[in-house]
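What follows is one chain in C-alpha cells, specifically the form predicted alone.
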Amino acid sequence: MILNKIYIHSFRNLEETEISFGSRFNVFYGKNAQGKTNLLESIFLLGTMKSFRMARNGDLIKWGADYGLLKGWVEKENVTREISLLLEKQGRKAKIDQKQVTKLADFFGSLNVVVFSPEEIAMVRGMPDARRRYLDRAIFSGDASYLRLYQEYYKILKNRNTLLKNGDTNGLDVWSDKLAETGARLITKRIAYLSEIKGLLGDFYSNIAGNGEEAGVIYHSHLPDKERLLADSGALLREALTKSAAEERRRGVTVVGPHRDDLEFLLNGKVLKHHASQGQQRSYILALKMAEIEYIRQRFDYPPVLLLDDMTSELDRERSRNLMEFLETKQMQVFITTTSLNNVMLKDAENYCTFSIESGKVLN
C-alpha cells in the first residue's frame, strides 16, 4: 500500500498544495511550528477520518475558510484509487473515486496508517482512557467490524447511564443484559488482539532497544475471576453489574465494563511506567506500533503506511539507528518529520525523498 500523492486545501496552516511521494521514505524537515506534523495529520485523517491529536473540525480547517479538503491517491495491488475527505464545521464527508461513501466500513481500509508521535509516549504514564483508545484503534485497523461493535457498546452504555442518572430503574435489567453481551464480545476481541501481538512486541522491542530485555502486555479487567474472563466474560460482567447496583445508583453511572478496563505495559515482568527509563518507554511504544504494523500486514498481506512524528526527539541516537536499520529491511512506506536531516540516518536507503517545510509551504 502506497500513498502516491496528496492534495491539501485549507487544512491547518498549510498552503494549498499537491505533493507526490516516494514509495519508501519521505522526510519532512524544518523548524518547529512550520506545519510538518500537520502534513502527517492530513495523511492520518485520510486513513482514519480522525486526528491523532484529538482535534475538532474547527481546529483542522484553516482560519477564515469555510471548509477543508484532503485528497489522496492510494496504490494497492497495482490499482490506484482516489480517496477524499471534506472537512466542514458540522461534520466530515468521505468519497472513494469521487463517489460518496454511505457506510464508514466501506471507507476504512482504503489507506491503512499507523502513527508514532510524542503524544503516544504519554499513554504510558497517562490515564487508562489513552491506552484504551490505542487498543481500540489498533484492533479496528485490522478488523473493520470492530468499529460497529465498539459503537454498539457505547450506545448501550450511554442509554444505561441515562437511566441511572435519572434514577429510573425501569428497563435497567434489559440494558444490563445488552451491555454484558456486547461488552463480552468487546473484551474477547481486545484480549485476542493482544495475544496475537505479544510475541511480535517482544521481537520488535529487542530490534529497537538492542538488548535482552523482555517486553510484554496484559489486559487488566476489573472483572473478578480472571480464569473465566475469556470463557465466560458475559456472565462475569452481568454478575459484576448486579453486585455494583447500589454504587451505580448512588453515582448515577455504570462502574464496571470494558469502558473501565486498562492495559499493563511490562518490561522484564515489571510495570513499565514505574520501572522503566524514558528511553525504554519510548522504545516500548515504538515496538508496540511495529507490532501493530506487522499484525495489519499479516491480515491484509501488505503493510500499512507508517507515520513517525518528531521521532529523533523521542529516541536516543543508538535506538534511532536501530530503528532506521530495521525499517530499511521492511517494504513499507514511511513518513518522518524532523528538525534536521542530520537526525535521520537514511544514507543508504533507496527511494529517499525530502521536503522542506517553511511557514506552511512545502518545498521539494
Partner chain sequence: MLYISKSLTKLLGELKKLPGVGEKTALRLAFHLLKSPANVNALAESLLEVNNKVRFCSLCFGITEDDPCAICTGDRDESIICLVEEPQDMLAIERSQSFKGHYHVLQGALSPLNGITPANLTIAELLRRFAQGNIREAVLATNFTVEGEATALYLTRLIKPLGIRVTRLAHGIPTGQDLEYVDAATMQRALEGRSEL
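Positions refer to the first chain, counted from 1. We call the rigid core whatever largest set of C-alpha positions still superposes within 1.5 Å between the two forms. Keep in mind that what you see is a predicted model, and the values were worked out from it rather than measured.
Although not depicted, the form predicted together with its partner chain is the subject of the following passage.
Exercise. In the predicted bound form, which of the listed residues (Lys89, Arg249, Lys93, Lys178) lies with a heavy atom within 4.5 Å of its partner chain?
Worked result: If I apply the 4.5 Å criterion carefully, the residue I get is Lys178.
| task | Answer with one of His222, Lys76, His259, Arg148: the residue that has a non-hydrogen atom within 4.5 Å of its partner chain in the predicted bound form. | result | Going through each option in turn, the one that passes is Arg148.
*Look at the candidate spot formed by Glu325, Val334 and Asn343 and say whether its partner chain comes within 4.5 Å of a heavy atom in all three of them in the predicted bound form.*
Result no, not one residue of the spot touches its partner chain.
**Prompt:** Heavy atoms within 4.5 Å of its partner chain in the predicted bound form: which stretch among 159-167, 134-142, 191-199, 212-220?
**Reply:** Single hit among the candidates: 159-167.
> Is Lys243 close to its partner chain in the predicted bound form, meaning a heavy atom pair under 4.5 Å apart or at it?
Replying inline: Answer no; every heavy atom of Lys243 is more than 4.5 Å from its partner chain in the predicted bound form.
>> Is Asp173 part of the interface with its partner chain in the predicted bound form - any heavy atom within 4.5 Å?
In response: Because a heavy atom of Asp173 falls inside 4.5 Å of its partner chain in the predicted bound form, the answer is yes.
Glu152 within 4.5 Å of its partner chain in the predicted bound form, heavy atoms
Close contact exists here: in the predicted bound form, Glu152 approaches its partner chain to within 4.5 Å, heavy atoms only.
Q. Fitting the rigid core first, would the Cα of Ser206 be found 2 Å or more away between the shown form and the other one?
A. It does not, since the Ser206 C-alpha is displaced less than 2 Å between the shown form and the other one after the core fit.
- Query: Would the C-alpha of Val113 be classed as shifted by 2 Å or more between the shown form and the other one after rigid-core alignment?
  - Reply: Shift at Val113: below 2 Å after core fit.
With both forms fit on the core, has Leu163 moved 2 Å or more by CA between the shown form and the other one? Yes, shifts by 2 Å or more.
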